[in-house]
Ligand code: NAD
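Below you'll find only one chain, the form predicted on its own, shown as structure tokens.
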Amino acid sequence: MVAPLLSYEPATGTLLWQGETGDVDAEVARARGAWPKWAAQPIAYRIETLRRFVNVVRRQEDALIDLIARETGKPLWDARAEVEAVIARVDSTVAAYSERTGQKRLEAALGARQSVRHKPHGVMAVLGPYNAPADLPNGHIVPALLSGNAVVFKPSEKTPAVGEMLVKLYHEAGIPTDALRLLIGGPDIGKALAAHPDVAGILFTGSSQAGMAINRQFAAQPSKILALEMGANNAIVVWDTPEISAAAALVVQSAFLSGGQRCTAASRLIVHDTVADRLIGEVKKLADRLIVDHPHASPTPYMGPVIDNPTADGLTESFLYLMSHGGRPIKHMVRPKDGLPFVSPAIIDVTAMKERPDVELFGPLLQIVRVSEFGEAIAEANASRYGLAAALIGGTPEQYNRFWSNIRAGMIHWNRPTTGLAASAPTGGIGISGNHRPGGWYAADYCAYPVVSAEIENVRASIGVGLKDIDISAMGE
């Protein structure tokens, strides 16, 4: 007998949710059966249904915020921002679909026309992460449904309660229960879902290791759509600026927002040695003031716990590794609550390390590298297999242009944090951070495929070259 899946509140260790592992074949079959009817609905009907979903979310906003906070450990204000992003996703997706995937007609010769229309793929598998368990999978679910696909959604095994509530809200809004299915389970269930022959595409958000495994699995199946939003080792570069306090605030936001558990979080601070001491001092003073506590605490915390104890253990082990291999601690990582996955924000100068590990440290651990030349800063930022986000703080317009032109990342900012983008922007990376299928505004591109048609109302054709002459005498016999 398969044990039930359990979800615990990171901040308290309390059991929050339990449920049975789902049946992959059954869920895919139900979605496959519902897909033709959903795809046949007019686009206006699908838009209206998704807008009803927004109204349902608004009615149950507080309950969803509380559940996200409890299951992820993030503060209530952070969970509220996530729900606001869920709500905003529908209108931005409708606008993006109209711009990028709408019907187009082009006139051709002899009164003919060419039409470009888009068709859905079929059943799409959405594999969601735990760090933003409503917003990030929703960024795949909304465009997939809008395009006419059916969806089987497997939330992270660490946040199944939020996934379950999200699907219930969709069903309450009128999305057919079989057009959007919830599949509960761990990594093995996710692998089985991705491998199912009736799944036309896999829309994945998660670690680079898992994403690359999916990519290898389907290397010989080009018919499968793969949209892989993967991990990162992002750099934030601080150059010459008189605004040291503001620069420090941008660094702290980039490194420690959501406890560093964002794929866009900055793991590496690369700083000009002329401002390094002042900047690092300001970053440490600000980090020392950050409140780390449970989501409902008063005063309001900036950070909650990380998702679970194994994650917290891995972060503390990573800090000790960096320290024992030449890193100089600026702010130690501390576990303030025994038995719970709270970790304090940590800062370590790794300039003297001979080999700096190129890994995703998914938590509040910031590494500092001091450099003396701007070209060295760019080279250091690019010294990674990843390529999701990067930011330059300070510098001149000419330096930013050089930074933008040479940095290897899919999201590049100037005097802004690495975290967060408007819904009207594409979101994705290069290297092992993505597979050139950015989400956000560009999600419509992978949720439907273009079909071109040459069309004319009357049958009209002739062949004017390459034919034998007609034998008139033979025609008279």
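Everything quoted here is computed from the prediction, not taken from an experiment. Numbers for residues come from their place in the sequence shown, where the first is 1.
From this point on, the text means the form predicted together with nicotinamide-adenine-dinucleotide, which you will not see here.
Student: Determine whether any heavy atom of D349 comes within 4.5 Å of a heavy atom of nicotinamide-adenine-dinucleotide in the predicted complex, and answer yes or no.
Tutor: Heavy-atom contact with nicotinamide-adenine-dinucleotide at 4.5 Å: absent for D349.
Student: Considering non-hydrogen atoms and a 4.5 Å limit, does nicotinamide-adenine-dinucleotide approach Y130 in the predicted complex?
Tutor: Because a heavy atom of Y130 falls inside 4.5 Å of nicotinamide-adenine-dinucleotide in the predicted complex, the answer is yes.
Student: Classify E71 as contacting or not contacting nicotinamide-adenine-dinucleotide in the predicted complex by the rule of any non-hydrogen atom within 4.5 angstroms, answering yes or no.
Tutor: Contact check for E71: no, nothing within 4.5 Å of nicotinamide-adenine-dinucleotide in the predicted complex.
Student: Decide whether T316 counts as a contact residue for nicotinamide-adenine-dinucleotide in the predicted complex under a heavy atom distance cut-off of 4.5 Å.
Tutor: Judged by the heavy-atom cut-off of 4.5 Å, T316 is well away from nicotinamide-adenine-dinucleotide in the predicted complex.
Student: Exactly one stretch in 121-129, 79-87, 98-106, 173-181 has heavy atoms within 4.5 Å of nicotinamide-adenine-dinucleotide in the predicted complex; which is it?
Tutor: One stretch meets the cut-off, namely 121-129.
Student: Heavy atom within 4.5 Å of nicotinamide-adenine-dinucleotide in the predicted complex: which of V334, A213, V116, A219 fits that? Just give me the one.
Tutor: Contact check passes for A213.
Student: Note which of G231, P301, G148, G201 lies within 4.5 Å of nicotinamide-adenine-dinucleotide in the predicted complex, where distance is taken over heavy atoms; exactly one does.
Tutor: Going through each option in turn, the one that passes is G231.
Student: Who in 350-365 is close to nicotinamide-adenine-dinucleotide in the predicted complex, meaning a heavy atom within 4.5 Å?
Tutor: Those in contact are E360, F362.
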